[in-house]
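In the block that follows, a single chain appears as structure tokens, in the form predicted on its own.
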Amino acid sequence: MSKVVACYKWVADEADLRIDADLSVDFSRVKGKISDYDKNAIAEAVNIATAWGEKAVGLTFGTAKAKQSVKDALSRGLEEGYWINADEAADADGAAVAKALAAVIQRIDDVGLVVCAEGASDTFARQVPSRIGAVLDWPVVTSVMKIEIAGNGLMTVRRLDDCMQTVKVQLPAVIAVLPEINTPPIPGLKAVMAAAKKPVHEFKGGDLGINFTPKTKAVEFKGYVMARKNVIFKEGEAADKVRELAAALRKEGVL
């Protein structure tokens, strides 16, 4: 077997976002965190590597602010960290991110599997895993909710809109996992202290020979306000209220 690479993203913590009266988004007090969905990817990479008796490593692409993510990632069971330090990461789209991650994956010795989340918790664009596979020319399996080791490959279960699909994939490969695949453990004090001693490899974006110019660009962030109808059912017995509610939901197309 071989190394398992967990790709993750350092994102803004949505709990710190503030929406102003004009619906503009205030990022001034926002701290960073590892994307919630990427914590599932890290945990699954560690689980698979442990079953193989191999090493799980982490890889992220971000600005200088992303450096603080490495220790957190390593405390979650990863044995080495890889960090691509590039100012361009702040405006990079899925194509640029995938090219950067793939470039470093190709520089890591003996990689057999790349594990990503289905999407990041800030954008959930669902592009990066498939794009990594395209750059590496590896098979990609997305929407994975269960994984079993099967010989020299993996047996995966995908959750689609109206069914489940079982797919066997040969390695090396890229898989994108859904949040329900596991429950990421919370690192204990011992794991956090041990993370500080694990090796970290830094790459400068300019050394990868990649054009980071994005093909798409965010031009504005606006807060969203839900227009609630505030319909209240207060007359009659409980059963009558339930019937009225069900009728109203059917009228709206919810049921």
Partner chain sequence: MAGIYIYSDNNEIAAEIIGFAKRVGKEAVLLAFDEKTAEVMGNSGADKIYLLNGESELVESYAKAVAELLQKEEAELFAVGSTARGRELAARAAGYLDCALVSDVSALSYADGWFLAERMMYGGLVQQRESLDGLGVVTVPGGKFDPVTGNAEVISMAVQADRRVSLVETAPIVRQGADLSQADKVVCVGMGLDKEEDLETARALAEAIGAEIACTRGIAEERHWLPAELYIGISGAVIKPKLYVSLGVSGQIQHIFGIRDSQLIVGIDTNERAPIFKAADYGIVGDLYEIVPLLTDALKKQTIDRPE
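Quick caveat: nothing in here was measured; it's all calculated off a predicted structure. Numbering follows the first chain given and starts at 1. Basically, rigid core = biggest C-alpha set you can superpose within 1.5 Å across the two forms.
Although it is not shown, the form predicted together with the partner chain is what the next lines describe.
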Looking at 147, 111, 104, 95, which has any heavy atom no more than 4.5 Å from the partner chain in the predicted complex?
95
With the partner chain left out here, work out from 54-62, 41-49, 199-207, 212-220 which stretch has heavy atoms within 4.5 Å of it in the predicted complex.
212-220
Just to confirm, residue 141 within 4.5 Å of the partner chain in the predicted complex by heavy atoms?
yes
With the cut-off set at 4.5 Å between non-hydrogen atoms, does residue 127 touch the partner chain in the predicted complex?
yes
Is there a heavy atom of residue 80 no more than 4.5 Å from a heavy atom of the partner chain in the predicted complex?
no
So, in the predicted complex, is residue 169 in contact with the partner chain at a 4.5 angstroms heavy atom limit?
yes
Considering only 4-26, what residues come within 4.5 Å of the partner chain in the predicted complex, judged by heavy atoms?
12, 14, 17, 19, 25
Checking residue 28 here: with the core superposed, does its CA move 2 Å or more between this form and the one not shown?
no
Kindly check if the Cα atom of residue 189 is displaced 2 angstroms or more between this form and the one not shown relative to the superposed rigid core.
no
Is it true that residue 52 shifts between this form and the one not shown by 2 Å or more at the Cα, once the core is aligned?
no
